[in-house]
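Only one chain is given next, in structure tokens, and it is the form predicted on its own.
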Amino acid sequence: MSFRSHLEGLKDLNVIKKLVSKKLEASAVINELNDKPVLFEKIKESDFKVAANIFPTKDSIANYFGCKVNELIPTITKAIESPSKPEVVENAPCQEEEMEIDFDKIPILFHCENDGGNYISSGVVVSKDQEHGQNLDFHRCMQIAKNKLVVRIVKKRNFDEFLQKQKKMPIAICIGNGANVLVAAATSVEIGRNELEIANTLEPLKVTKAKTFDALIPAECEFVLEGTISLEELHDEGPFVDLTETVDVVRQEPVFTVTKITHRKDAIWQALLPGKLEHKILMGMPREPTMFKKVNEAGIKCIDVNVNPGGCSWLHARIKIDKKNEEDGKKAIQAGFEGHKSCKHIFVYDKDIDIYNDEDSEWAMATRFQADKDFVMKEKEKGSSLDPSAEPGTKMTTKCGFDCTAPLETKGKSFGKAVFPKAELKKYLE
């Protein structure tokens, strides 16, 4: 299913018919709608429509894949472990039309007042290396000219390795993708794995050859920006509101010079409001399968993992286990950190706790956690560059875990919640 066909099938889509500016106004409406999808039919500075909040919750991702929320982890795990080659097509919707290279005619949103410029935040970058093949991932891109973007590249990721080796290389940035491509691009897999094959296992995908270099791109995306990125040309990137809803620092980053722009007929620009729910879900959720796997590999039955929005969908994780041994909670904490090395705090719960419910999770910590016995402190180590409290420059941070599971043998009060009688209120309130 393409981004467009999914958009057309949304029953709760909010259609904005009024003229809206791409500078601050569109992002304000997206923010106020929170997790409700929106389509802007008229953008003041562009002839293209804009859609946002399309995948802001796990429910929205599960609905796209036709599964339940508790089936997302096995669904994504299967795709990572059993990638399959997508169908290659020649006549691709994403190349139906070509436009002049002028970013001012595209509705690249200016999100927040202190941003460094207009930002592409939903773009999936397609790159290729002679030794390792293709790579798919997300990189925010700030407009600095009608034909240039400065691209934030996190060091030591796969794309960074490609660029450090090649110094100057062709890439494509694809905007307006289905959840299969977005989730696959957000997964962390070893270098040499083609995320387009992961996307195809999540849901059948068509791909086509890029116009300017030998790489395959999603055939049904809305826009494709092709060109060359170079370490020889650097530019200030930022400020930008990142995942933690804090303002990131300004860095010198490589410049992407665009040489071709193609798009679908009546193309729809996919906006993604940084720091908000859609950003969080697409960042955090793909880390859950790796944590789930590591906990199970440690010999503990993992039931579910929630890299929850309250922890910026990156720095916190809740793990639900079927506890069989007293040390299972602490072992799950250690395994969880192996599965998501940027995580800062991990909370482990019993199978009777709803890890998507803040009140239930806090109740378990209040009634089952004792700091002198159940608290796990790790030695200071490298954490996430997204954590504003981490040591500047080095990213060194203190990580810890909370074993909120009940002891297997109780000597005092029971650790289970009491069961209350139920009544059909309708009978009594008529």
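Note that this is a predicted model, so its numbers are computed, not measured. The first residue of the shown sequence is 1; numbering continues from there.
Just so it is clear, the following notes concern the form predicted in complex with a small molecule, a form of the same protein that is not shown.
Judged by heavy atoms within 4.5 Å of the small molecule in the predicted bound form, the contact stretch among the candidates 348-356, 272-280, 215-223, 77-85 is 272-280.
Checked against the small molecule in the predicted bound form, the residues Thr290, Asn200, Ser121, Ser313 give one hit for a heavy atom within 4.5 Å, which is Ser121. Exactly one listed residue, out of Ser342, Asn147, Gln134, Ser230, brings a non-hydrogen atom to within 4.5 Å of the small molecule in the predicted bound form: Ser342.
Taking the partner from the other structure, the small molecule in the predicted bound form has no heavy atom within 4.5 Å of any heavy atom of Leu39. Mapping the unseen interface onto this chain, Ala390 falls outside it, with no heavy atom inside 4.5 Å of the small molecule in the predicted bound form. Mapping the unseen interface onto this chain, Ser60 falls outside it, with no heavy atom inside 4.5 Å of the small molecule in the predicted bound form. Shown alone here, Phe138 lies within 4.5 Å of the small molecule in the predicted bound form, counting heavy atoms only.
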